[in-house]
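Just the one chain here, the form predicted on its own, laid out as structure tokens.
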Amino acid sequence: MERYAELQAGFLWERARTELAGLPHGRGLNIAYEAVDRHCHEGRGAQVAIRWHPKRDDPIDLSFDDLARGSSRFANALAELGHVGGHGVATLAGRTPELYLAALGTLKSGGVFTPLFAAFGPDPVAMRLDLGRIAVLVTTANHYRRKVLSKRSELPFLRHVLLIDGGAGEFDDPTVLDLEPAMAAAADRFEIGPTDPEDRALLHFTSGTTGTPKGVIHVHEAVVAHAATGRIVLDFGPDDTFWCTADPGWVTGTSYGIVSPLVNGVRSIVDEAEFDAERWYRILQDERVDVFYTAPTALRMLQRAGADLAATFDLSSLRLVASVGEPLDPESLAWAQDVFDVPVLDTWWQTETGGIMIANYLTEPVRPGSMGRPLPGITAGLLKLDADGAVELDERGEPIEIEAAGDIGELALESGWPSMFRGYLDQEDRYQRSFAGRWYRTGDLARFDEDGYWWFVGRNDDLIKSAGHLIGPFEVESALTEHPAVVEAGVIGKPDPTIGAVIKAFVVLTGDYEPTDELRRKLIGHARKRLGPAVAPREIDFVTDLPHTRSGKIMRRLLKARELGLDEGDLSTLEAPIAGQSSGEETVGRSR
């Protein structure tokens, strides 16, 4: 890889666009063509694209030819049912081959693909199907029976349901069909129609703290960023084996679990099963995985399983571990580097950005706790906020940028990169409020150091004001996880009439420690020594699990709501036991 300064100096998005093939005869740009058909036309069709590990039985290989033919059959099946452009197709399924064929086939057909987590219950499923005007749902008979059937009369846009595992006859409904015969009857060739780079391609639902889910719109032009960031950050090479553990229901599972590796021609591992430390290590060993992309929550779960388990497997094929979903705390980073014996790189991005925006790099030193530095082609800035969290403006009405290293402001990105979202579905005002002049407002508070490394402080609405201090919860959480007793911590501000807020921490212990008052005092003392008494927590509760978003972020607003007895708000995005790995039924516990 080139060094960071060289990458920055020579990078242009226009040049990155020319590295893609584009549709034949100048008909535009289509994600599915770049992901599969292009490789077939260029003589790489027989190469394994996905090695699928079912919950049981042996792995199954899918070549680029297999994906091209299967996705074409799906596109033709859609056309046979009357869906010929602009239609919404959603999947509600685990990580099975049919999900990937449906995603690619939808994009070929000119439709908009929406992945839904299989762990969703009936209400969040119905809400997203309705908001997204989903015309076709690809799911299993069990999911349809339990999560959709009772709501079907409330879904006027849903015209067809395609069942992956058969059983349509049970429902006595001509709009509920078995997927396999529908695809078997369809031709395995499909000519992708003209696709403008700005045509809608992906619709991801993400939750705010209140209200209905936000439908984040991405277009086919996003593939330019998916391709480039896979090479720049994840160091994709043509002979690599790559494993992204994220479920496609989360944007990482689509951008880097489907699109980026396929476009770059690497072999992807897809595991249908839930998280299991021994299974994960065995896959890393047996598949000789080169690049492993996962969440800090997953790394901490592996940490809880112990380094002795990892030592029983040969992980020497790994050359890179990357992390996504929440800031990677220094303790987890140190543990992962020790166990995997490779660089561990944190990455930062959002559903709205569509791809990695800030990252650490193989060629550069990693500063533990730092997000890294902006990608080539990405300009990051800090916007000054007033006491109410609004962007301060200068006399010309322009946002005031923070230029001093160490000062805290709202992280903003200069708009215009290819995978930038193009809107919130049916919420144009909300979309416009996401920008201040030329800047996209991320809602994250951050700072940068003298060398241009960026550091996450917290969400704007997570910031704690205590006795005149502004305190980012991640700083406190990182200090607590440095103690050997702590595997994870979540921090909130608990209202106090005197100082504004008291810092309270919720702590998950390793298996070697018992939750005692003595340990609580020791942890508070440890935090005071590291942070000072004004920033250290005054209260600590021991818990067995923390609530997480599906991207692995600690859901602090839920911790606060439960602590104060407030309305918990939208819980549809609660995660199942491990970030990015839920494919079963709804659970409570570690979740968003």
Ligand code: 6R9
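Note that this is a predicted model, so its numbers are computed, not measured. Start at 1 with the first residue shown and count on from there.
There is another form of the same protein, the form predicted in complex with the ligand; it is not shown, and what comes next is about it.
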Seminar exercise, completed: Within 4.5 Å of the ligand in the model of the complex by heavy atoms, the stretch out of 393 to 401, 321 to 329, 118 to 126, 230 to 238 is 321 to 329
For this session: Indicate whether the ligand has at least one heavy atom within 4.5 Å of a heavy atom of His526 in the model of the complex.
Result: no
For this session: Please run the contact check for Thr351 against the ligand in the model of the complex: heavy atoms, 4.5 angstroms, yes or no?
Result: yes
Exercise. Just to confirm, Asp346 within 4.5 Å of the ligand in the model of the complex by heavy atoms?
Worked result: yes
Exercise. Would Val89 sit within 4.5 Å of the ligand in the model of the complex, counting heavy atoms only?
Worked result: no
Seminar exercise, completed: Among Asp178, Asp444, Glu364, Glu287, just one has a heavy atom within 4.5 Å of the ligand in the model of the complex, namely Asp444
For this session: Name the residue from Arg459, Arg159, Lys384, Arg422 that puts a heavy atom within 4.5 Å of the ligand in the model of the complex.
Result: Arg459
Exercise. Of 242 to 266, which residues get within 4.5 Å of the ligand in the model of the complex if you count heavy atoms?
Worked result: Trp250, Val251, Thr252
